[in-house]
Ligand SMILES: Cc1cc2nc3c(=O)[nH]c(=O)nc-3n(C[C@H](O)[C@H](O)[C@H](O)COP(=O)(O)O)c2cc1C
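Starting off, we have a lone chain in the form predicted on its own, written out as structure tokens.
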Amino acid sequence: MKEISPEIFYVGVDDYETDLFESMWPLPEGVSYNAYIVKGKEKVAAIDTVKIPFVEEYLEKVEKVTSFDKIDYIILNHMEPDHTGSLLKLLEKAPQAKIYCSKKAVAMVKSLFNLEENVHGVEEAEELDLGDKKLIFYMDPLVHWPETMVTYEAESKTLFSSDAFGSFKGLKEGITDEEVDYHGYIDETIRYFSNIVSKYTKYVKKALDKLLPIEIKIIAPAHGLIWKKDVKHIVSLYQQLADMQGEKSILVLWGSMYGNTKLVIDAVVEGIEEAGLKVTILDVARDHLSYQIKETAKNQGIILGFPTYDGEEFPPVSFYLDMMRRKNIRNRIVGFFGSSLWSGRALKKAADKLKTLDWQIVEPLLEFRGKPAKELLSQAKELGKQVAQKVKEL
């Protein structure tokens, strides 16, 4: 429990027990479920709850801030269970509290919790007066569920932003960017955005256009750091991610069945480094897909190296390509290399899939038979240089 602004309290919890977020995305440094209490002179509002396994810790924190019988409203910005899981337990303690949510969330409250009484679906820009504090609600659909909204407290200029501006990683070191070196959270913010939100970048842009004209001094998301010191930094990062602007650097993502494709990696990397760009190397079969997606969002240039398998892409690459489509990661510069023996065409098939996402294909596609010859290694080095040069020219 911590006061982040006068009479606004953090009552969230850290989760270092769950290994996979959404049963897919690794959590090596945990994740936080952020919940808040806003105390006005006349009324008190709880904003979001936490995942149900952590309900006792959450309720203890709430009770340190306010008695349960003084909670007038429970604000549900987003209906995912990591934010609403403790709702019924909170209502057992505060049965008088009225639920405020978006109109689209009303049916979800009924289906998930069998609650209809005392549930209010708010209008766009509707205000809720707590006395000396005022909550204003803005719809934020498809960032990243259709019922999502955000809540703005007008006096402190705090935006309770739900999953927007969130990140993986627990908050045991500190809950605000004033208390920690926030640069250690940036990669986990990019990973959270690319894994969870990037499919909906069109709606992220709409939300930013709506919210950024409002004066915001604090961003209090549903996961990750609360931003007070450098709000401009996280907003700028989100704008870049929504615009699909990667860094001027290269990801080499490779897979190899018998080592032939692997023999080309050093030549490709040498070409990239001679062109003066930073390179990240991931094994498509061994490095988790979550980090492959994150690095694709982070780097403007991608070089894919993989063998042909059953006349098509190496299966882990097929999964990666499908995820690029599903996560809607667009506008990258990409080169290809890979080995085949008796059947080729896999590189072309992969290139055709990425063209639909407006990825710029760097020719030639370096497909070779068996082990790479010296001439092929020279071409691979040149491929690295070409991709790097095109990235530098952006």
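Bear in mind the structure is a predicted one, so any value in this text is a computation, not a measurement. All residue numbers refer to positions in the sequence shown, first residue = 1.
Missing here is the form predicted together with the named molecule; even so, the following discussion is about that form.
The stretch from 250-258, 318-326, 132-140, 97-105 that comes within 4.5 Å of the named molecule in the predicted bound form, counting heavy atoms only, is 250-258. None of Gly246, Pro307, Gly271, Gly224 but one reaches within 4.5 angstroms of the named molecule in the predicted bound form through a heavy atom, and that residue is Pro307.
Contact check for Gly40: no non-hydrogen atom falls within 4.5 Å of the named molecule in the predicted bound form. Contact annotation for Ser343: at least one heavy atom lies within 4.5 Å of the named molecule in the predicted bound form. At least one heavy atom of Gly311 is located within 4.5 Å of the named molecule in the predicted bound form. Contact annotation for 368-393: a single residue, Gly370, has a non-hydrogen atom within 4.5 angstroms of the named molecule in the predicted bound form.
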